[in-house]
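Next up: just one chain, as structure tokens, the form predicted on its own.
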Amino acid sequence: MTSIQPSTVFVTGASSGFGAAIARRFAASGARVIASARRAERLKDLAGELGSSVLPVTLDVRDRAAVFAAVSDLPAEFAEVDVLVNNAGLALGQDLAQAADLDDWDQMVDTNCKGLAYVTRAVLPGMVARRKGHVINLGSVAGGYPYPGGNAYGGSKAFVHQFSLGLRSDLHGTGVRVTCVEPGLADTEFSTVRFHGDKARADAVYTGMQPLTAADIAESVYWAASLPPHVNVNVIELMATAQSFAAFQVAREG
């Protein structure tokens, strides 16, 4: 088997965490990287670190018109996207459904589901026309395993899993590959965002255990993308060794 080296990679949510690590991993391989996110200053710093192979694109994936404009306006040397990494996403809050903040639910659905779908729809026609490409979606173990307070976040990641399988079916025969990468606990800004900036509460999530790192996820994404074109990895589910599955909950009377 001969591995391939993607030449142009579009990464959403590239300003921190998984996205920044994924951008670094592909840039290290010699790929051109379109690094998109909402935080322009962080993208500027990333481009300064990685050099001219990185094109920073300030973008909120929830803005459908802006997504399509960004893709159509890519410079010629970045226009033919080989790999799309749909990484932009977040969890907000961990309240039980009956007490959850609907604004948090809206933002998770708008970003994790609709934003991912917008970017995919904008990039796919070019891949199909060239009969090559790879869509890699960042899901989560939360999409398959429920936990208290995971409600809308888990539901949004279940969408990512099923949407990825649907893409595989729709893209049958086109040469375009699809992978869903589904991590467990990983130490990034994710928990800080989830708990609305409460760093102490976020840090407590990882107390006494070794979580996954952003670099671990980046390596998984890169591995799937660099396999020969005839190999499609449908799903990668990975967890820290210290994390496994909880017993079913039982409510007892008395």
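Computed from a predicted structure; not experimentally measured. Numbers for residues come from their place in the sequence shown, where the first is 1.
The following text describes the form predicted together with a small molecule, which does not appear among the structures shown.
Contact check for residue 221: every heavy atom lies farther than 4.5 Å from the small molecule in the model of the complex. Looking at residue 138, you'd find a heavy atom of it within 4.5 angstroms of the small molecule in the model of the complex.
In the model of the complex, at least one heavy atom of residue 88 sits within 4.5 Å of a heavy atom of the small molecule. When the small molecule is considered in the model of the complex, residue 9 lies well away from it, no heavy atom lying within 4.5 Å. Not one of 33, 53 and 125 is positioned with any heavy atom within 4.5 Å of the small molecule in the model of the complex. Partner proximity in the model of the complex, defined as non-hydrogen atoms within 4.5 angstroms of the small molecule, places exactly one of 221-229, 44-52, 25-33, 185-193 at the interface: 185-193.
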